[in-house]
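What follows is a single chain, given as structure tokens, in the form predicted alone.
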Amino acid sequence: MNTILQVRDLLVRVHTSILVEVPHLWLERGEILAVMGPNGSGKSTLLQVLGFLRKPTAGTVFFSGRPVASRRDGLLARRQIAMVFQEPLLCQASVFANVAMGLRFRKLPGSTVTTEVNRWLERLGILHLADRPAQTLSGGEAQRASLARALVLKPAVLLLDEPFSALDPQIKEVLIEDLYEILRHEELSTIFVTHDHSEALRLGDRIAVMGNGRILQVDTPQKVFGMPSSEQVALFTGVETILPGTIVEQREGLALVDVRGKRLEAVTQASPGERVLLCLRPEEVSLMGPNQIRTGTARNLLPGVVERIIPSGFHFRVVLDCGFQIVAFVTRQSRDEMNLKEGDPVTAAFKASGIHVIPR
């Protein structure tokens, strides 16, 4: 693979406020890059710059290895980029006419327009809606029409600005799966902005986490979620237990960490005396009742008391007081089998390798 789109020393500032400051970010050909972050983190502003819809205060955007230095360069690059927004922007015309719009601007022959539009309407499952007025579409149908209008142009780069956030969960799941198959089949270079963890995990080859206008970490989904580079990234990616501690002993990569007088084992090369943060995802924690026989190889066993049990989709979040707070996930079946209630004594068990260690 090689780089199709990148920025260097990018700065977007309004008066004295810095909206985006990114030293380097790139997109490889055929790659899906998910840009993830909370509201106000600068995701959409970054996407506008990458789509040549907004001029940066400073820095350079490169397209296909060449700097985009003039207005003409920007217009030429924009012809190879398609963008889909959170709200479908459809004209008061038929679905067919909306999807055909870009091809007609390019003055392609009518037969080519008809063939290509029908092909993409069919691939996105809305060919039967071709003659329907766009204003009568449901949210999911309208977003499929927006995607068809973008994809029919055969762009070199596709930019997606939270395209699923306004959709119902079931409709969103089906559309994400359909889009994933299209992007993989077409090997289409894509930058996808979202604040939803599951969307980033489903679509992204790499994930860039943004906060306060800056890129905090760029890596594979497995590393971003499993090995966050900072406390800010850890919190945003769903690490609910972050414990400050001090290394007290090091044994060939297995460290003993003091956390408020309790000793936990963690896999790290940190040296004795170093201050660290221990990051523990709720899915890494198992719970055992007082009469339960210990199974597994967990090296960390912490007695505690159930403070709260909170429904969370198909799981329950269990908040424990172990002298400090620990959060675990349990299934409905596990909760029922343990007859788990607030105030119950339990033991939290987790492996040394289940802890991610961040230097402080």
Partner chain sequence: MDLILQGAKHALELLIQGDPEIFQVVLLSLRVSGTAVLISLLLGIPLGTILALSEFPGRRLVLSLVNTGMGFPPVVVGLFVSMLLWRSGPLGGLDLLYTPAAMVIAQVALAAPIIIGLTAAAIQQLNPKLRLQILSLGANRRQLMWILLREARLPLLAAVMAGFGGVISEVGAVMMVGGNVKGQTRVLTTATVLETRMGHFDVAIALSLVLLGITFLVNLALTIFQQRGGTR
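Positions refer to the first chain, counted from 1. Everything numeric here is computed off the predicted structure, so don't read it as measured data.
Although it is not shown, the form predicted in complex with its partner chain is what the next lines describe.
- Of the residues Leu75, Val248, Leu108, Ala166, just one reaches its partner chain in the predicted bound form with a heavy atom at 4.5 Å or closer; this is Leu75.
- Proximity to its partner chain in the predicted bound form, defined as a heavy atom within 4.5 Å, holds among Val209, Val285, Ile81, Leu203 only for Ile81.
- Of the heavy atoms in Ser230, none are within 4.5 Å of its partner chain in the predicted bound form.
- Taking the partner from the other structure, its partner chain in the predicted bound form has no heavy atom within 4.5 Å of any heavy atom of Thr237.
- Although the partner is absent here, Leu243 is not a contact residue: none of its heavy atoms lies within 4.5 angstroms of its partner chain in the predicted bound form.
- For the chain shown alone, Arg263 is not a contact residue for its partner chain in the predicted bound form, no non-hydrogen atom being within 4.5 angstroms.
- In summary, the region of this chain contacting its partner chain in the predicted bound form, judged by heavy atoms within 4.5 Å and restricted to 82 to 90, 167 to 175, 265 to 273, 180 to 188, corresponds to 82 to 90.
- In the predicted bound form, its partner chain lies within 4.5 angstroms of at least one heavy atom of each of the following residues of 119 to 147: Asp131, Ser146, in sequence order.
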